[in-house]
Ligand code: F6P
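Next up: just one chain, as structure tokens, the form predicted alone.
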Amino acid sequence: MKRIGVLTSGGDAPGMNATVRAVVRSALQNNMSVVGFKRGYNGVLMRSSVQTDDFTMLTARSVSDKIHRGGTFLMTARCLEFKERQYQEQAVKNLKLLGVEGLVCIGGDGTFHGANALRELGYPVIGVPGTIDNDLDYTEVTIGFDTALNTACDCVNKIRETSDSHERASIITVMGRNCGDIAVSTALACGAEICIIPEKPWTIEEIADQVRWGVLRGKRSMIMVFAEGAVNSLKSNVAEICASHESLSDISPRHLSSSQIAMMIEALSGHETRATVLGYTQRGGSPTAADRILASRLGAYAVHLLRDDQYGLAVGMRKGELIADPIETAMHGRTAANEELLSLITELS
């Protein structure tokens, strides 16, 4: 191949810039030019009135001073139209028109679904896992997870200190719509007493009991790490709980927030409970050394595969070694929780 493309799609993750840098510099070392597409698959569809809003030629200078930057300088966006075959076919035509012979797609499961659609049309693609959720089952770790974890841990440490001062319980919401990896790792690393994730059914009554018993054992603070998607695995009858406590009368069971869950835990446990949502702080910031190294290895490996005419693959890590699995299987998300870590959280709390 003489020319390849690269894009970042879906939610941004610290280390995406480091990945693009590795793709570009490795490609140049292998006598390939690189086209960077902006805003994910939107750039490949090339619908902007100004061409430079869709794509740009990338050079070694283009990716200078990028390895330590958070976010993605190519920008990112979701592209719902790309689910339709006519847009996928248009993308292939556009890529060929530019002389782009292969495409490196950096992102999560949605990005991989788009890449797999191009593969089905016979176009050479390589997927690189860039998502803080760490929710792709084929690889042990994704780019951005380590940074998001460290960010979450730093925030939880601060909240623990104020919780100790006020002798209260705190429920801290971290990202994780379908996968609780950030929550589990954060809980273990910060010594949290409770971890609530979407993969495991739970009830407010059980959590309130744990808080009450923690207080009785003399704990000055209780930390509960809550994955944002865990509301979907809640098995309590919220309407019944609210009906039995006047202080909960304004809560709507249809749209539960972590603050409302904290109110219910407080009502049932009798112990002051507060909620904090970490939100997009987990997506930002300079990537950790681990994420920079991972991004560099995976980005360069993606280029080496295209150079050797191997494609339709997703690169990743398993037992510390680089792997490349078929993208049609790699795009599936992780559905099972890490039982070992969950058990350890309980044992050490």
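All residue numbers refer to positions in the sequence shown, first residue = 1. Quick caveat, the model's predicted, so the values are computed rather than measured.
Just so you know, the form predicted in complex with the named molecule exists too; it's not on screen, but the next bit is about it.
In the model of the complex, no residue of the candidate spot (14, 142 and 292) has a heavy atom lying within 4.5 Å of the named molecule. Stretch 130-138 is the answer when you ask which of 130-138, 211-219, 241-249, 255-263 has residues with heavy atoms within 4.5 Å of the named molecule in the model of the complex. Contact annotation: of the candidates 101, 146, 199, 228, the single residue with a non-hydrogen atom within 4.5 angstroms of the named molecule in the model of the complex is 228. Scanning 224, 152, 184, 175 against the named molecule in the model of the complex with a 4.5 Å heavy atom cut-off leaves one residue, 175. Contact annotation: residue 166 falls outside 4.5 Å of the named molecule in the model of the complex, judged by heavy atom distances. For the chain shown alone, residue 283 is a contact residue for the named molecule in the model of the complex, at least one non-hydrogen atom being within 4.5 angstroms. The single residue of 61-80 lying near the named molecule in the model of the complex is 78, the criterion being any heavy atom within 4.5 Å.
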